[in-house]
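Next up is one chain by itself, shown in structure tokens, the form predicted on its own.
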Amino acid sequence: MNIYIKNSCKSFFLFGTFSLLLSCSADEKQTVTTLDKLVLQDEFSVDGAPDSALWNYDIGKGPGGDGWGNNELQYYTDRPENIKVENGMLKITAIQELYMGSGYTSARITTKGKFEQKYGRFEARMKLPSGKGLWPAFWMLGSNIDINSWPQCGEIDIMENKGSQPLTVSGALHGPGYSGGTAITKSYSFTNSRVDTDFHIYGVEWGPNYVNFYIDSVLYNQITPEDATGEWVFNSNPFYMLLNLAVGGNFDGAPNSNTVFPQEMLIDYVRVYQ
């Protein structure tokens, strides 16, 4: 894992803060911080498997064999056909094939037990696949999940995309009383770009009593305890990160005859700041 700070980092944060101040009306209550101390960075600069000092694989159909609780159709593997670092990118590839009783394969990795942090800015620069039934995501779960199961542990969805909607992404919080279909969520729509043709930076800035959701230099949502319809579970524990490309499931439904395979989710970098 390559750790260093590029000169562009601080200018990115300053530009984002300036844009936010210009875009918010006087009666909007926004918590704006400038977190620029880089504490973790994976540039995916070494070809081969993802860095085992940072990333774990989730394998299979989920603990209950039910598509990870979402009726997903894929079987997650650690095969290079589904996940590898190549040419400076982490590539997660969804393939239509018969494998271990599933009609699709893909990959899901996490930093559980290897990197977990309470508060900070978490971001990744990515280009997403497109097509009905594809579900790329960059998200976080509370490190206490083995003691307090979901949704009590808390979930921060930094970015989710329905493959049938290449102009729109969303971010969300899940907790007790506001999970699944009742999660606190908001979408963001691109006007001159698409998720599958351009790279974008998807991130959150998380602090005491707030989570801010960013795309590139734009803050498009802030969630606070006042927005939650249940217990706010985002001030107690560190969280770990997840990256995955699901096929099918409750979010965008199953692929159709127009969905082309294989499909790639490209991750240029993952960075975390304090």
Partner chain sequence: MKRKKYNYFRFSLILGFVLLVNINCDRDLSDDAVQTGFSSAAEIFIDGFSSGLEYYPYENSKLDAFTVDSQTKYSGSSSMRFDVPNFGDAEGAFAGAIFRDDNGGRDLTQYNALTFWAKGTKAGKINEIGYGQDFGENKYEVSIQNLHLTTNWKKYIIPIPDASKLTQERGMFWYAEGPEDENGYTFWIDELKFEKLGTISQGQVSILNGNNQTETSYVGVNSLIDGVTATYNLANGNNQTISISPSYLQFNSSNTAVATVDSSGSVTSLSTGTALINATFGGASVTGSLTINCAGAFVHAPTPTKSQANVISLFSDVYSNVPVNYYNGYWQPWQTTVSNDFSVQGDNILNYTIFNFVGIEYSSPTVDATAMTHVHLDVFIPGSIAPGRQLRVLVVDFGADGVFGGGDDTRHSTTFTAPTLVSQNWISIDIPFSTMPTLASRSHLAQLILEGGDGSLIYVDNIYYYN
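Computed from a prediction, not measured in an experiment: that's the story for all the values here. Residue numbers count along the first chain shown, from 1.
Another form exists, predicted together with the partner chain; not displayed. Remarks below refer to it.
Exercise. Report whether the minimum heavy atom distance between A254 and the partner chain in the model of the complex is within 4.5 Å.
Key: Looking in the model of the complex, residue contacts with the partner chain do not include A254, since no heavy atom lies within 4.5 Å.
Exercise. Tell me, yes or no, whether S193 is in contact with the partner chain in the model of the complex, where a contact means a heavy atom of each within 4.5 Å.
Key: Yes, S193 is a contact residue.
Practice problem: Determine whether any heavy atom of T110 comes within 4.5 Å of a heavy atom of the partner chain in the model of the complex, and answer yes or no. | Solution: Close contact is absent here: in the model of the complex, T110 is far from the partner chain, nothing within 4.5 Å, heavy atoms only.
Quiz item: Counting only non-hydrogen atoms and a 4.5 angstroms cut-off, does I95 reach the partner chain in the model of the complex?
Solution: Answer no; every heavy atom of I95 is more than 4.5 Å from the partner chain in the model of the complex.
Exercise. Given the partner chain in the model of the complex, answer whether the residues S45, S52 and V85 all have a heavy atom inside 4.5 Å of it.
Key: No: no residue has a heavy atom within 4.5 Å of the partner.
Quiz prompt | Among the candidates N144, S179, S187, S164, the residue which, in the model of the complex, approaches the partner chain to within 4.5 Å (heavy atoms) | solution = So the residue touching the partner chain in the model of the complex, by this definition, is S164.
Self-check item: Region of this chain that lies against the partner chain in the model of the complex, out of 86-94, 147-155, 111-119, 164-172 [heavy atom, 4.5 Å]
Solution: Residues of 164-172 come within 4.5 Å of the partner.
Quiz item: Since the partner is left out here, which residues of 242-274 would have a heavy atom within 4.5 Å of the partner chain in the model of the complex?
Solution: Counting only heavy atoms within 4.5 Å of the partner chain in the model of the complex, the contacting residues of 242-274 are N258, V260.
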